[in-house]
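Next up: a single chain in structure tokens, the form predicted alone.
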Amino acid sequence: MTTVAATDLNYHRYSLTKYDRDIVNAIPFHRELHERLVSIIEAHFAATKTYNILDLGVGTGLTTKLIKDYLPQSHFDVVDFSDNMLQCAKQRLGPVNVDYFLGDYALLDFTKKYDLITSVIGLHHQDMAGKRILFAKIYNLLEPGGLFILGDLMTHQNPQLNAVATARHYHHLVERATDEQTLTDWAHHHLYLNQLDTLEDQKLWLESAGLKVEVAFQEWHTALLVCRKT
């Protein structure tokens, strides 16, 4: 189960433009992570075909819009536990080929299979047990050969690497925050609300669920894992 409520993250008072600006500023390598994600989508999926796609934690729809632009004929199920975020996603993604679900994706039951499942900058609000349960659930939701793309904040097993990544992350927050309230919000999130686990542990848990895992991107605490159901 998700360890925070949407109100803990102040999602109720974000406009689409403010959230889009703040998350890019707050998450180091946000743009680079998405550039790599798009290249992976283009390498694995044909633009002219139709796929079933699930986005866990859609936010304002930033990630889904990039995928939807490349795969316009595909059908998207998108989930968020914040009604405000879901309304922002509707503004960006529109009504065509998209179904919107309000709720905690760790608790929702989905009945169909997906060719692609994504979760970008959101799964760090699951604790260790929650991640392992969710990885098994995702495996069961994927079609054979389907992909789960996980982009998130992850720590390092090496304590020195982890210390440096943490220092750089907070330096990034201080440098990029547009005002004191924004810095307060995001620094509080990272220090007290995020449930970061190591990349090494999460790779092991994903593999234990049955997925073949490739580390596609890793800088500081920002990582992108591509997981295939064989």
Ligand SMILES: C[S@@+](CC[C@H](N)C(=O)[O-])C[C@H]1O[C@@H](n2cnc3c(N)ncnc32)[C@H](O)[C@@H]1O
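So that there is no doubt, residue numbering starts at 1 and follows the sequence shown. No experiment lies behind these values; they were computed from the predicted model shown.
Form predicted in complex with the ligand: not shown, discussed below.
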{"property": "In the predicted complex, the residue from 44, 30, 36, 188 that sits within 4.5 Å of the ligand by heavy atoms", "result": "30"}
{"property": "141, 153, 93, 85 - the one with a heavy atom within 4.5 Å of the ligand in the predicted complex", "result": "85"}
{"property": "Stretch in contact in the predicted complex with the ligand, which is absent here, among 169-177, 57-65, 44-52, 196-204 (heavy atoms within 4.5 Å)", "result": "57-65"}
{"property": "Full three-residue contact with the ligand in the predicted complex, heavy atom 4.5 Å, for 114, 135 and 224", "result": "no"}
{"property": "4.5 Å heavy atom contact, residue 127 and the ligand in the predicted complex", "result": "no"}
{"property": "Partner proximity in the predicted complex: residue 121 to the ligand, non-hydrogen atom cutoff 4.5 Å", "result": "yes"}
{"property": "4.5 angstroms heavy atom contact with the ligand in the predicted complex for residue 19", "result": "yes"}
{"property": "4.5 angstroms heavy atom contact with the ligand in the predicted complex for residue 103", "result": "yes"}
{"property": "Contacts with the ligand in the predicted complex - residues in 9-24 whose heavy atoms fall within 4.5 Å", "result": "9, 11, 19, 23"}
